[in-house]
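In the form predicted on its own, a lone chain appears below as structure tokens.
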Amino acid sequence: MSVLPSIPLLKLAEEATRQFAERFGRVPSLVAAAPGRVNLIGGHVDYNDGIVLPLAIDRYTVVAGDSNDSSTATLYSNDRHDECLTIQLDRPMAPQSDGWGNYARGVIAGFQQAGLVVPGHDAVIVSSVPIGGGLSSSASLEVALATLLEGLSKQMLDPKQKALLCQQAEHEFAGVPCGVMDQITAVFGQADQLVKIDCRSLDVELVPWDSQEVAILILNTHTAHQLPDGQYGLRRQQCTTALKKLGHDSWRDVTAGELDAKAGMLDEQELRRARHVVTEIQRSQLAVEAIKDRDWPLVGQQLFDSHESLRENFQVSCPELDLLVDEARRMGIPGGVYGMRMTGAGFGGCTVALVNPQRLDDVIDPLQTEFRHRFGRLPTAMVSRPSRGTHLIVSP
């Protein structure tokens, strides 16, 4: 069994501090952290007023920073092509062509638009969240930067405001029309708690999770997805168009029966998207209650059904994801697997599975072997548990 261990958060903080001192010649005054996330269920319904059930994972983006008494922000990241970024804070923020820098610009712009002063600062970013794996490395970066800016400016945001500010950064500067699930999870995550989000009201409920009964297994296919290439936005537009044709303002008001009755109002692609959204919202609600009842076979079935709908109706899967899920389904509960689905936006990235903790070796080994046989590489296995959301590790 080959499992990628998590790097302890304090070690990441020590590394960020070391790099900051090496690069800027002084000790950082603040170190902020924000986690990645994995979504157990609720695929592509976060921007459709659905119910989602993510958790903050024990992989973090850490930002070490300090004010520099200037009107310039200098950010360095060796996780993103060893790049150094300089942002003039006394000029209007606008997207540039340097990729990850737009996340920082978007967060800074959000603070400025909220009337908050962003001081000049230097920062170093390190991360253990896989980039391009569907575990929300972008939201992790956004929220960690926002938490650092809160500390440097001594201006605290309302938690939901911070999540929405970071979502806006992704919309306006990174060009990804994402829902707010990733950012809310990074802000509200807690140890041993799932984060149930009602994406219509933005109400958050923490759902207790017992890691002794069931393990959360993440498999990274290393098939990188590219969200800004138009496919994500296209599906979002198809959902919006379908909902308008059905005569509703929210997918929460559309029943399966009504969708069947009005199927002729939608074209084939719109109907597929609508079927996924309506049934995925139902699956998410059922999964939440089953988790509270510790009915792991029922929870697992919702994961398998979710993947099938994401593959057939939303059409965002890929051969690598399908192989893992199909093999996991074949193994089933006798083989140690309760359920598995793709997670994240799709077109690559990761699967998430619920596994008997005593059978992890029995599950991971054959899945990695079959995947390597088919695709010539090894999927990275990670075992996680619900972890703490964003916070300052080193505070004033």
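Counting begins at 1, following the sequence as shown. Keep in mind the model is a prediction, meaning the values are calculated, not measured.
In what follows, reference is made to the form predicted together with a small molecule, a form of this protein that is not presented.
With the partner omitted from this view, the residue of 141, 274, 197, 217 that lies near the small molecule in the model of the complex is 141 [heavy atom within 4.5 Å]. This chain appears without its partner; in the model of the complex, the one residue of 147, 221, 137, 302 with a heavy atom within 4.5 Å of the small molecule is 137. Contact with the small molecule in the model of the complex, defined as a heavy atom within 4.5 Å, is made by all three of 77, 125 and 131. At the 4.5 Å threshold, heavy atoms of residue 280 stay clear of the small molecule in the model of the complex, well away from it.
Contact between residue 100 and the small molecule in the model of the complex is found at the 4.5 Å heavy atom cutoff.
In summary, the region of this chain contacting the small molecule in the model of the complex, judged by heavy atoms within 4.5 Å and restricted to 258 to 266, 100 to 108, 233 to 241, 187 to 195, corresponds to 100 to 108.
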